[in-house]
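We begin with a single chain expressed as structure tokens, specifically the form predicted on its own.
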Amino acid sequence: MRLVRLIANLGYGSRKQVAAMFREGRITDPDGEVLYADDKVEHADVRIDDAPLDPPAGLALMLHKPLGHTCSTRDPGRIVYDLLPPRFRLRSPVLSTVGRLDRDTSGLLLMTDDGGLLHRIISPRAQLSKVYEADLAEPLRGDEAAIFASGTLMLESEKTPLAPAKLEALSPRRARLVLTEGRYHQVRRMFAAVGNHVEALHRSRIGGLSLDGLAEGAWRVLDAADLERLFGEQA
């Protein structure tokens, strides 16, 4: 792939804008030597304004989503893309969220431009566990764990029961819930089905991958070891 197209696909600008960057001498190798549009160099050996290129196509990252941000690209309010470099929104292939966390849910969010990886993560066959901590409006009754684990709980407007889920009481009004599904507002609707209301919700883990101290609003690129953990150890 020609350098102009490669850099444009990473969101740095249109091909015309990237061509102008070459003319201005802003694109160099690690030693500061100016590169030209028809040069053949490795991705890792390209610098723009002395900074390495963003990761190539196949990017996967984890983000610690704060409350108040949506996973949409069109929402008029705060969106998760605001927490990333602006050019990430212009990448081709598109950088997409892997599933969604609603505006009032914080925690671990995965994003990727690799369609195969995205579908592998969300596929029911993957059986990737997702761990949530929920703060509740009312104290737990004591029978929720058995109901959630039964595999018979039916949510309103659904035609099939939920897969068994594991609940652990952390305090009278706080619970940890482990799911292997990702239905719309599932945790909130599960607690509503047993007469409770979720006041705060946080996702701490997907598969074997957790936030590991990643600050709220921060993100980092996933490497091969991260992806191995994601599909490896389960909660």
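From 1 onward, residues are counted along the sequence shown. Worth saying up front: this structure is predicted, and the values here are computed from it rather than measured.
What comes next is about the form predicted together with uracil, which is not displayed.
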item: Contact of D102 with uracil in the predicted complex (heavy atom, 4.5 Å); value: yes
item: Touches uracil in the predicted complex: L209 (any heavy atom, 4.5 Å); value: no
item: Q186 within 4.5 Å of uracil in the predicted complex, heavy atoms; value: yes
item: 4.5 Å heavy atom contact, F148 and uracil in the predicted complex; value: no
item: Among 163-171, 55-63, 34-42, 186-194, the region lying within 4.5 Å of uracil in the predicted complex by heavy atom distance; value: 186-194
item: Residues of stretch 191-210 in contact with uracil in the predicted complex (4.5 Å, non-hydrogen atom); value: L201
